[in-house]
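Take a look at this single chain in structure tokens; it is the form predicted alone.
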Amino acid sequence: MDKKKPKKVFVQGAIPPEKIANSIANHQSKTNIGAHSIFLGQIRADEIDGKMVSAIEYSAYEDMAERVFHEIREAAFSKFDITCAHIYHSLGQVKTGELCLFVFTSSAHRKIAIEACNYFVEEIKANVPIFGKEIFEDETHQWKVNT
């Protein structure tokens, strides 16, 4: 398989729902695809020590993170028979209810698309150096721990 060139993953702020709709629409001409799987990460209004989270501010070592995203993408293409894979992750502040992660996989068959999408999400959470600062309604903050 040919090595894919690294794709830009980061977007500033929340991921707009239109980006998701456009991604789906852009794949309608690819008739060898029989299934898509999509994961959307949304900011929750968690209550921590009596305070409500109002946003998460994401930062990253961008070059390093983009390299890890690319490695995950390469591994997924060698592990799964997927046709397409797209990943977008927010940088900067994302408010509760807004989207911060969009993973979109395509394959001839649903099981592969779903398994590949799950693989991407778990690998991203475990390995990409992205940091989230939880911003509370009272403007205080703490660093988020991924679970």
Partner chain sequence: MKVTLKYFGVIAESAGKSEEVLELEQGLSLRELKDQQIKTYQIQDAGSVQIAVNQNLNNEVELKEGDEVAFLPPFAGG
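Treat the numbers as computed from the prediction; the structure is a model and nothing was measured. Residue numbers count along the first chain shown, from 1.
Keep in mind that the form predicted together with its partner chain is missing from the display, and what follows is about it.
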For this session: Mark Glu47 yes when one of its heavy atoms lies within 4.5 Å of a heavy atom of its partner chain in the model of the complex, and no otherwise.
Result: no
Exercise. Any of the heavy atoms of Cys117 lying within 4.5 Å of its partner chain in the model of the complex?
Worked result: no
Problem set entry | 4.5 Å heavy atom contact, Phe104 and its partner chain in the model of the complex | no
Exercise. Could you tell me if Lys7 has a non-hydrogen atom within 4.5 Å of its partner chain in the model of the complex?
Worked result: no
For this session: Look at the stretches 22-30, 76-84, 47-55, 93-101 and give the one with heavy atoms within 4.5 Å of its partner chain in the model of the complex.
Result: 93-101
Exercise. Since the partner is left out here, which residues of 111-145 would have a heavy atom within 4.5 Å of its partner chain in the model of the complex?
Worked result: Lys125, Ala126, Asn127, Val128, Pro129, Ile130, Phe131, Gly132, Lys133, His141, Trp143, Lys144, Val145
